[in-house]
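Below sits a lone chain in structure tokens, taken as the form predicted alone.
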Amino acid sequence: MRDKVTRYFDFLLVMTIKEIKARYKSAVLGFLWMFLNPLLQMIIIGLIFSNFIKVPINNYFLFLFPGLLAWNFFSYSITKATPSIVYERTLIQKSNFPREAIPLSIVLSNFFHFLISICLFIFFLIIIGNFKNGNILSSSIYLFFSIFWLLIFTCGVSLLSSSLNVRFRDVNFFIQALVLLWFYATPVIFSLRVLPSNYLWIFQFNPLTYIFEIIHNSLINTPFPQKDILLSNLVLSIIIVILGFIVFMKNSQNFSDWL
């Protein structure tokens, strides 16, 4: 049993490393793109929202950047993981291996880039003296909790969408459209505290809400999010993750027939 578990994680690690290497293959700037992409997004969005729309948030560029890092990890992961089983049809039909390793390796490779980017951002905050004041230990715990929550939730969504897409190819197009809408329904470019209170109930149905609010609170000391949102977001996340694993394991038995 122990050898089987070890072989499973070794295989998942090999698949993840393969994804990491393939992402920036033949790219001149290589790993720098994982930081440059959100940096360019931050500059463009920040200029628009700070100068034209006037979002009432102090240090808006610093507020925007960690949210974009987290969002890029989530959106890149699910949009690439959703069609991944279909793209690997030849491998699946010829080899016997844990099918979930395909979407999970995509999520983990993106998570690797996300962690490095967050560490670089924290280092930057320390240099400019803008890192959150107060209890560093509690901030670190909250940040770890939010990042781990985001990872598990992304894995659940990726497993669910990738398995459904094998049988219903419309799922891939649905996810691409959903990601565009989901971005504006998540506190990436805004904080919940700038919204009218009568709209806050909507964000209880977005599992990413509390995650992004905690990330902002841990890094740049924004107000702590409301506890009632935590409960609803956490319950929805657990349901989606469990559903994703169950649906994937059930459908994976028929992947060879559906591809």
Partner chain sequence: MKIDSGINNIVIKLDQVSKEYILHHQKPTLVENIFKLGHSESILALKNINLEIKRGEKIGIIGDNGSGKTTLLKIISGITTPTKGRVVVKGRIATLVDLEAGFHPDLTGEENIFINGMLLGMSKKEINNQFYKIIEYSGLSKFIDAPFYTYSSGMRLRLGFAIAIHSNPDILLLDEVLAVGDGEFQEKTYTTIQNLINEKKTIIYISHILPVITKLCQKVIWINKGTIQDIGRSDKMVKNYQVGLNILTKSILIG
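Quick caveat, the model's predicted, so the values are computed rather than measured. Numbering follows the first chain given and starts at 1.
Not pictured, yet referred to below: the form predicted together with its partner chain.
The stretch in contact with its partner chain in the predicted bound form, judged by heavy atoms within 4.5 Å, is 89 to 97, chosen from 110 to 118, 150 to 158, 89 to 97, 180 to 188. Using a 4.5 angstroms limit between non-hydrogen atoms, residue 245 is distant from its partner chain in the predicted bound form. At a distance threshold of 4.5 angstroms between non-hydrogen atoms, residue 14 is in contact with its partner chain in the predicted bound form.
In the predicted bound form, its partner chain lies farther than 4.5 Å from every heavy atom of residue 173. Using a 4.5 angstroms limit between non-hydrogen atoms, residue 144 is distant from its partner chain in the predicted bound form.
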